[in-house]
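Heads up, the chain below is alone and in the form predicted on its own; it's given as structure tokens.
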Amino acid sequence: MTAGRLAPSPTGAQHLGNARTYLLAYWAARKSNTRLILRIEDIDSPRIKPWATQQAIEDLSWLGIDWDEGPDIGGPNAPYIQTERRERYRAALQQLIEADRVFPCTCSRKDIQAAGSAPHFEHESPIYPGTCASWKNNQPLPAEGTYSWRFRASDLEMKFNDTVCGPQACNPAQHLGAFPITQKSGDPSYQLAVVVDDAAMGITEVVRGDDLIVSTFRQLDLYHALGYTPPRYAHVPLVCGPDRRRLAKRHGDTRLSLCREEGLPASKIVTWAARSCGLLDEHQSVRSASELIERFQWNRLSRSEVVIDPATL
């Protein structure tokens, strides 16, 4: 059975850029008669806002998006909140330890910066210099709370064919390096949690922003190491402000909750998103998100960034 997912992170309010990606995931899933799962990705604990989970659910519902499983309605893959799924992450970590695919690392970001490294992808941290990588799984561990677990990236070319961006290739060891899959607290990182959850929930298509293409190579490496089958990926263009920088607070308040509070019809957001995706002409509009399901086609989506002046909405 096929499945897509919506995976908001409650680190703050959902905004116009998030809305466009969620709508694309919704349209893609419903057009192909695919189950849609809502999962709350709340393992980034220092940045989590207590109010943001319920607000995200309300924002999605307001947009006209519905789902088949989630924290509000339950389902066979519960729980749907990552902080309630820690045992699954611990089991996956133990599997990687036993296979010698990870090592404990006591390095700080400052240590890695100071060590210098090979050239790395734009917006990526320096490649890990291998300081702690000689550890083997029969050796003693550092003191608890002083280390994170890093994954030994594979030294081979990895490829995938993105639904939107086309063929992608990368050598994880050479271009990305070993990466953390837990925090020093022992909690899982995003990379490990998302792979374990997508595999456990049977996710077959992931729709997300194209700033996460690099993360996909790390996740594919984890999929292979854990023996999971990876999903298809569709990395969609980011929404940018008039300065062509990623939509942010500097462009004004684009929170969906504010749109709701001020009485802006959800159809305005849906129509804007559909026009930006090529599903509607500039003079066309819709009253609900569900009206676009039959019109949806991935091949109509431009690979160019989406530029918007929030004030024009």
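Residues carry their position along the shown sequence, with the first being 1. Computed from a prediction, not measured in an experiment: that's the story for all the values here.
The next section is about a form of this same protein that is not shown, the form predicted together with a small molecule.
Residues within 4.5 angstroms of the small molecule in the predicted bound form, judged by any non-hydrogen atom, belong to 207 to 215 and to none of the other stretches in 221 to 229, 207 to 215, 88 to 96, 154 to 162. Out of the listed residues V236, I203, V194, A178, V194 is the one that sits within 4.5 Å of the small molecule in the predicted bound form by at least one heavy atom. Shown alone here, A3 lies farther than 4.5 Å from the small molecule in the predicted bound form, counting heavy atoms only. Although the partner is absent here, A7 lies within 4.5 Å of the small molecule in the predicted bound form, judged by heavy atoms. Proximity of D44 to the small molecule in the predicted bound form: non-hydrogen atoms within 4.5 Å are absent; the residue sits far from the partner. With a 4.5 Å cutoff on heavy atoms, Y190 counts as touching the small molecule in the predicted bound form.
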